[in-house]
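One chain comes next, on its own, written out as structure tokens in the form predicted on its own.
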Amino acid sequence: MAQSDTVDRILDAAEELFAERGFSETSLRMITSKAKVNLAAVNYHFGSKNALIHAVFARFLTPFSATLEDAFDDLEARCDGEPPTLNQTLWALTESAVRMPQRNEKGISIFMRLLGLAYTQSQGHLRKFLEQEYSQPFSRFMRLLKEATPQLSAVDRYWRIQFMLGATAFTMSSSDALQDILQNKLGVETTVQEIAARLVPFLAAGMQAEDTMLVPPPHKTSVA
């Protein structure tokens, strides 16, 4: 078996199992069994489970980051010195993701599940790895979002970005299930590209919505 084939088998198995079970719940033995390789092969190619987790993310994020940087370059060149609009910025991000070559039809769905797990499970090493390796495109995206929403306070922008990321992670990680529900309930077929096309204006509207937050009054305790 060629080295590249062995690495791909390990990464494919790890990606699928991590998405299904989580990082802590997936053992190297489960991965080697699914990949049909021995433990020595994992240790040889990756060295540790943490390094394998990093490699799973890098396989998607490294080419995606390059594509996204090119998309931002093109966008800012077209805007000729003016800040891109929020819709334009979100489209650049979304189109970069959906245009990525996928190894299988559930590629984006699986990766979005993994990305959600990176922030909901205790994986400090992974967050550190992502910040070190991909801070440039992420910081550029944050700058473009800030320029497109000057009316927002830093706190409002922070929360709206979190809500936007949450909606995106849920929708794209569940895209296969959502497609099935739409087909069963309404008899309509759709694609990941169409889901993204519907998601972007929703996200943009949420980021730009008027601030009408209602703060509940303080709870009063009755005195007997």
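Note that residue numbering follows the sequence shown and begins at 1. Predicted, not measured: the structure shown is a model, and the values here were computed from it.
There is also a form predicted in complex with the DNA; it is not shown, and the following applies to it.
Please run the contact check for A197 against the DNA in the predicted bound form: heavy atoms, 4.5 angstroms, yes or no? Because no heavy atom of A197 falls inside 4.5 Å of the DNA in the predicted bound form, the answer is no.
Q: Decide whether K49 counts as a contact residue for the DNA in the predicted bound form under a heavy atom distance cut-off of 4.5 Å.
A: Flag for K49 set to yes.
Discussion item. Check S33 for me: does it contact the DNA in the predicted bound form (non-hydrogen atoms, 4.5 angstroms)?
Written reply: Looking in the predicted bound form, residue contacts with the DNA do not include S33, since no heavy atom lies within 4.5 Å.
| message | Against the DNA in the predicted bound form, would N38 count as a contact residue? Criterion: heavy atoms within 4.5 Å. | response | Yes.
**Prompt:** Which of these residues, T191, T62, Q162, N43, gets a heavy atom within 4.5 Å of the DNA in the predicted bound form?
**Reply:** Here the answer is residue option N43.
For this session: Find the only residue in A167, A58, L28, A66 having a heavy atom within 4.5 Å of the DNA in the predicted bound form.
Result: Selected option: L28.
Q.
Where, within 81-99, is there a heavy atom within 4.5 Å of the DNA in the predicted bound form? Residue list please.
A. The stretch 81-99, when checked against the DNA in the predicted bound form, contributes no residue at the 4.5 Å heavy-atom cut-off.
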